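Coming up is one lone chain in structure tokens, specifically the form predicted on its own.
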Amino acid sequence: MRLPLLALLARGPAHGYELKQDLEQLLGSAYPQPNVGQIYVTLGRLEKSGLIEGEEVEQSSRPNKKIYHLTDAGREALRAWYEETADEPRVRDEFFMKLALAPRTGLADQIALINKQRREYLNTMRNLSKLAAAESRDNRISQLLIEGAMLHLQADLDWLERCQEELEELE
């Protein structure tokens, strides 16, 4: 949450609730929405680390609010984030660890594990399809997020098929 908040503040000062609304509007309902408390805790940590600064703004009919802006250090951290590449391929996959260890424990059948995981992926794909249909077509970012998740799920399903074929050959 730290770096996305910095990115939102790069365009100009904002308070926590505005940042939450910006995230929701940008990413749509496909992305798990942070609660406003989580955002304010993160803003406090960013301020303590010198990446942002906050300023109390007096409001006549409401409690004061704190407006945050990016510092030079925050802008530099954001630049560094954009320079980084994404994580390496998933080689530490929890499901694969279960699959590999199942025969050694005798507590789970590998094919049953594959079938259960396949059902989970298919249910997730159905839910994402419903979400995509309900999401505004104008929100291309949200649509791309859903499409990316669906493509990853399809690749995972293909991989499960491959695992099952290999394991059935070993029997």
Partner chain sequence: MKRVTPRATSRSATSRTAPSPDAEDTRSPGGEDTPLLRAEGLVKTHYGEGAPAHAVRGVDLSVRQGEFVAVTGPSGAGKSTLLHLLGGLQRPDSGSLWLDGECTDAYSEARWAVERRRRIGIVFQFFNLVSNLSVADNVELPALLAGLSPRQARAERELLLDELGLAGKERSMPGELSGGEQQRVALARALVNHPQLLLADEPAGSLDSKGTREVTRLLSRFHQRGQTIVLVTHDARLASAADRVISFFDGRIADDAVLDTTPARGTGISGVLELRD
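Positions refer to the first chain, counted from 1. Since we're looking at a predicted model, the values are computed, not measured.
FYI, the form predicted together with its partner chain isn't displayed, but the following is about it.
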Non-hydrogen atom within 4.5 Å of its partner chain in the predicted complex for each of Arg119, Leu157 and Glu165: yes
Single option in Ser49, Thr105, Asn35, Ser129 placed near its partner chain in the predicted complex, where near means a heavy atom within 4.5 Å: Ser129
Would Tyr40 sit within 4.5 Å of its partner chain in the predicted complex, counting heavy atoms only? no
Within 4.5 Å, heavy atoms only: does Ala10 come near its partner chain in the predicted complex? no
Although its partner chain is absent from this view, report whether Leu27 comes within 4.5 Å of it in the predicted complex, heavy atoms only. yes
Is Glu18 close enough to touch its partner chain in the predicted complex, meaning at least one heavy atom pair within 4.5 Å? no
Residues within 4.5 Å of its partner chain in the predicted complex, restricted to 47-63 and counted by heavy atom: none
